[in-house]
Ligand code: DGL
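First, one chain by itself: the form predicted alone, in structure tokens.
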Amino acid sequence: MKIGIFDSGIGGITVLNEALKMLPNEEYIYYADSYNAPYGNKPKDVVREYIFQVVKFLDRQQIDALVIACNTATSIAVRELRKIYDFPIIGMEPAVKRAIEYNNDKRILVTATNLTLKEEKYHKLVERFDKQSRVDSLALPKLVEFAENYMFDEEKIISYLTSQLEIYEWKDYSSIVLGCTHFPFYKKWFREILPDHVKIIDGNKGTIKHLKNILSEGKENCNNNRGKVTLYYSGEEDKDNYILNKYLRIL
């Protein structure tokens, strides 16, 4: 099958990485809308227009399923897109449920983009699972900018994360949720800063498990392309996979 994956930029490569592990024989078309990144600090109606342009492009590539590897894009457009297109559309949301199931007593910090945290979809998600009001939220927009600019300077990243996370009494927390697909690129630095008892959770594996289940229900056969990936970077094909490979090496 031909699976489309898109994100506001290169963050969804962290989701693609899981797909290549769990569904290694499928063909992938990845679209990084990096020219318009980041989505998380732009007006909702503008971001919606970007999303529909990208999905229209992927539809022309005759994809069989779509993964919206972006929490912001999912919250804004997934319901409307499912009404328009016939292929399965898998969205993403911060892994709040998983974090709450991990520990019922301590607090949880959900990190994401500004727009994701403002959306009604996120607030309804928290209301549904956070019966004891244990979820806190924190926007980390600079991590998106860092990733888009291939900025992995340890000193700068540690400085930024420390400045954002030092206000929390981590003895009271069981986990931190990486609610933006750009954030797992920086997981090792989160781990370096946070106490050992704090679990770092993202939704990437769960998303691809859901995709795998949907494909299995459809009883579609793998196309044996052995994980062939075509990446489009703001509409231009990454012909030698230079962009793709340099980000995959970070993971």
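Everything numeric in this text was worked out from a predicted model, so none of it was measured. Throughout, we count residues from 1 along the sequence that is shown.
There is also a form predicted in complex with this ligand; it is not shown, and the following applies to it.
- With this ligand omitted here, the record of contacts in the predicted bound form names 66-74 of 207-215, 48-56, 186-194, 66-74, defined by a heavy atom within 4.5 Å.
- Put simply, Val144 is close to this ligand in the predicted bound form: some heavy atom of it is within 4.5 Å.
- Shown alone here, Gly203 lies farther than 4.5 Å from this ligand in the predicted bound form, counting heavy atoms only.
- Using a 4.5 angstroms threshold between heavy atoms, Tyr39 counts as touching this ligand in the predicted bound form.
- Contact residues in stretch 116-141 (any heavy atom within 4.5 Å of this ligand, taken in the predicted bound form) are limited to Thr116.
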